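The chain below stands alone, shown as structure tokens; this is the form predicted on its own.
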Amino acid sequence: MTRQPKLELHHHLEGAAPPAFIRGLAKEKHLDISGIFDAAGNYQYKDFADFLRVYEAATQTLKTPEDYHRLTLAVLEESAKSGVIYCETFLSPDFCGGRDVGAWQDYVAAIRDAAQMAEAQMGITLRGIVTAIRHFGPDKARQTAICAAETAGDFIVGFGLAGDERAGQPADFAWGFDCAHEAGLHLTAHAGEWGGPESVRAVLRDLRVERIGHGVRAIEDLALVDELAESGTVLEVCPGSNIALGLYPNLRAHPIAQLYARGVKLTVSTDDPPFFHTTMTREYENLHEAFDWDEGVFDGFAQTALDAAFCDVDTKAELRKKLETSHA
């Protein structure tokens, strides 16, 4: 499973920070964030709201573009170990320069430079999706969208919405999505995780997204599932995340197999891997064990991810060659 080439579309850069990396930065900066770790040094939280608190506390160690340069290299090194050849990561100007366009541009430059180094050294390609943080509100999301529009191009390729799904309504963020779309960015949004099927319908209707982050609670409305299958809307499914946060008790209870059986286009991702004690290899292994899925199923997920990726056609062509070479 490790050597099988993988493409990951749902991944938060700060959420993928190894705990040891964050502890090291905190020590360098004389910050006391010891309360977010357990005795073994892993991130600890009680529920989804507490997860958001711990996540945001961890980001307090990331103060400069250089910090993000180091973070990007550390994260991509871990991803490459699982055979990931392409990753789209969520980036937020809220954490990178306080939504100031000039500061944000400096952060993007640092992250992009690290990504280019990782591609040359590790063979992994990174692209960025700018995300507004839902529970920070629509006004800040507008500023985030302007940052996204100003850096849209061959590295910043998408715009999305993350954070607490229970805060506000998707329509509240329509201005930001329209702004990003006009700048040529592809669109995705978290939905159907803590909100039910209606949240999936809302982001499709009000934000006109191409992909949906999570989306698994669509299974509660089979008519919606059929609509997703017919339209070819891709779900960025993160099984380990859903289980770790208590959305489902175990993988056998997770709807990924039902969605797959009904013809919905799926990809598999880790979301915030160290928070959920997972890797892309572990996700594949757990799915194989739970549903007896063979290599062909996972090849299909990789192909779906390639087709749904927000990168340009030349990058897709190079990735396609890598997938084909792995089967030669």
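The model shown is predicted, which means the values in this text are computed figures rather than measured ones. Numbers for residues come from their place in the sequence shown, where the first is 1.
There is another form of this protein, the form predicted in complex with a small molecule, and it is not shown here; the text below is about that form.
Novice: If contact means a heavy atom within 4.5 Å, which one of 237-245, 75-83, 177-185, 102-110 is the stretch that engages the small molecule in the predicted complex?
Specialist: Heavy atoms within 4.5 Å of the small molecule in the predicted complex occur in 237-245.
Novice: In the predicted complex, does each residue in the set 55, 190 and 271 place a non-hydrogen atom within 4.5 angstroms of the small molecule?
Specialist: All three within 4.5 Å in the predicted complex.
Novice: Though only this chain appears here, would residue 170 touch the small molecule in the predicted complex if you measure heavy atom gaps against 4.5 Å?
Specialist: It does not: once the small molecule is placed as it appears in the predicted complex, residue 170 has no heavy atom within 4.5 Å of it.
Novice: May I ask you to state whether residue 291 is within 4.5 Å of the small molecule in the predicted complex, using heavy atom distances?
Specialist: Close contact is absent here: in the predicted complex, residue 291 is far from the small molecule, nothing within 4.5 Å, heavy atoms only.
Novice: Closest heavy atom of residue 163 to the small molecule in the predicted complex, within 4.5 Å or not?
Specialist: Residue-level check for residue 163: yes, a contact with the small molecule.
Novice: Residue 214 versus the small molecule, in the predicted complex: is there a non-hydrogen atom within 4.5 Å?
Specialist: Contact with the small molecule, yes.
Novice: With the small molecule left out of view, which of 260, 37, 298, 48 would have a heavy atom within 4.5 Å of it in the predicted complex?
Specialist: By the 4.5 Å heavy-atom cutoff, the listed residue in contact is 48.
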